[in-house]
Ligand code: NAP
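As C-alpha cells, one chain now follows by itself in the form predicted alone.
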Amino acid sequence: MDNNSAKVFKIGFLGMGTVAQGVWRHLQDNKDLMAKRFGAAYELAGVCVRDSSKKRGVCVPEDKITTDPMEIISDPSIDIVCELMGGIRQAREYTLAALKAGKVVVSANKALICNCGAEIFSAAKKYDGSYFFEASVAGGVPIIKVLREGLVANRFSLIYGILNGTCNYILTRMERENASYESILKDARRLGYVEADESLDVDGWDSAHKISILAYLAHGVWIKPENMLIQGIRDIRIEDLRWAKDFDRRVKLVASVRKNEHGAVFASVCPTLLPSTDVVANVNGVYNAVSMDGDIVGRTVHIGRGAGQDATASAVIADIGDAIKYLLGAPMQLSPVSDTLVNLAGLSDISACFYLRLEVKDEAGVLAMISAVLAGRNISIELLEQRKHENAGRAWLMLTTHITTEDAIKKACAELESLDEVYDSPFVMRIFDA
C-alpha cells in the first residue's frame, strides 16, 4: 500500500468533447488539492481525438494527442481510461479492449451502459478490472453512489424522478410563460441544452437509458428501452399545463422503475401529472431530481444539476478518485444483488389513473361515443371537462379516469383514434400519487 501511494497514476482520455474538457481543466487546475483528496498523485497522460487540429477550450500539449484510441488503450503506463467519446459501437469496442488490457475504465456513457452493461461488467470481472459510471445518470447528483453504497441496505419499491434537464427546462418555461413547446425548444437549441440528435432528449430516450441503469442497480435486472413504456414531451400543449395548474398539479417528464406486489419490475418514461406538493414536481429548469422509496430508510430525494460541462465533469472526477482508491487497494464496488428472480411486468400488470386530452367535433353525441369506448374497456371516467378550441366546430375534451391498466388505456386510445369524431391521437398522461 505504501509503495502504491507513492505512485503517480496516469490517466488517458478517449474523446475530448465538452465534458472531457471540463474534466481535464479541473484536474489540471486543482492538481494539488485533488491529489490530496484522491490519496495519490496523478498525471494527465494522453488524449485520443478524431481531429487533432480542432480548437478546444483547454490546452492539451501536442505530444499528448493521438487519433488512434489503441495508443491510449495499449500504453502500459496508463492506469485509468476515461471513455468520454459517446456513441455505442466504437465506445463498446474500446471499452472492452481497455478492460481486457487491465485498465480501470471511467465512463459517462449512459447509452453504452444501457445497451451493453451486462457485457461490460462481465468483462471487468473476467479481466479483474473495474468500471466506474457515476456520471452516466443525473450529472452532478451522485445517485449511483447513493444506491450502491449509502442505501445498500434497502430494497426499493419505487424510484422516480426527472432525469433529463432539457425536457425539464422546456416544461418549466412553457408553464411559466404560457408559451408553446416549439417556441421554447428553439431557445433550448440556441442555448445548447439540446443534444445534436434532439430526439434523445425530447422523445425520452436519454431518460430511458438512465432509468435502465438505476433499475439494474436497484434490482439486478437490465431493462432495455424496447421493454419500457416511453413517451416524450413533443405533444404536450399549453392546454395540458393550464389544466394541471387548475387542479393543483404540475407536468413533468418522469422516469420511473416500480416493483409491484408480485415482485415484477416495470420501467417507464412518460409525461406525468405530479401533485404540486411533491418535491420532484417543484424541481425546475435544467435540474434533475431522483426520489427513492427504500424499505428501511423510507423516501429520500436527491436534487442537483443534471447536465452541463461542470456538473457532469464533477461526477467523472469523483469516479477518477474512486478509481485511484481502487488501484490503491480499496475494496471493489458493491454489485447489485436481487434477492429473488425478477420478472418484467406487462402493461396489464401496471395500474394508474390517467389524464386524456382529445380534440373532437363539437357536436351532439360525441361524448356518448367516447364514454362507450371507455366503458367497453372497463375504464371509468372520474372527471370530464370541455374547453374552447381555437378552431370553430372543434372542442378540447379533458378527462381523467379511475384506476385502470396501461393495457386498457392503450387499447381504448387506439379505438378512440379510429373514430371520425376524434381528430388525431388522444394525448395521455399518467396521474402520479406516490
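Every value quoted in this text rests on a predicted model; they were computed, and no experiment measured them. Note that residue numbering begins at 1 and tracks the sequence as displayed.
Although not depicted, the form predicted in complex with this ligand is the subject of the following passage.
Among Y131, F354, W243, Y193, the residue placing a heavy atom within 4.5 Å of this ligand in the predicted complex is Y193. Only one of L253, A289, V81, A108 lies close to this ligand in the predicted complex, with a heavy atom inside 4.5 Å, and it is A108.
Judged by heavy atoms within 4.5 Å of this ligand in the predicted complex, the contact stretch among the candidates 275 to 283, 85 to 93, 170 to 178, 321 to 329 is 85 to 93. Contact check for L416: every heavy atom lies farther than 4.5 Å from this ligand in the predicted complex. Under a 4.5 angstroms non-hydrogen atom cutoff, this ligand in the predicted complex has R56 among its neighbouring residues. A307 belongs to the set of residues with a heavy atom inside 4.5 Å of this ligand in the predicted complex. This ligand is not drawn, but in the predicted complex it has a heavy atom within 4.5 Å of V19.
Annotation: in the predicted complex, residues I159, I233 and P271 none come within 4.5 Å of this ligand through any heavy atom.
Shown here without this ligand, the chain has C48, V49, R50, D51 in 31 to 51 lying with a heavy atom within 4.5 Å of that partner in the predicted complex.
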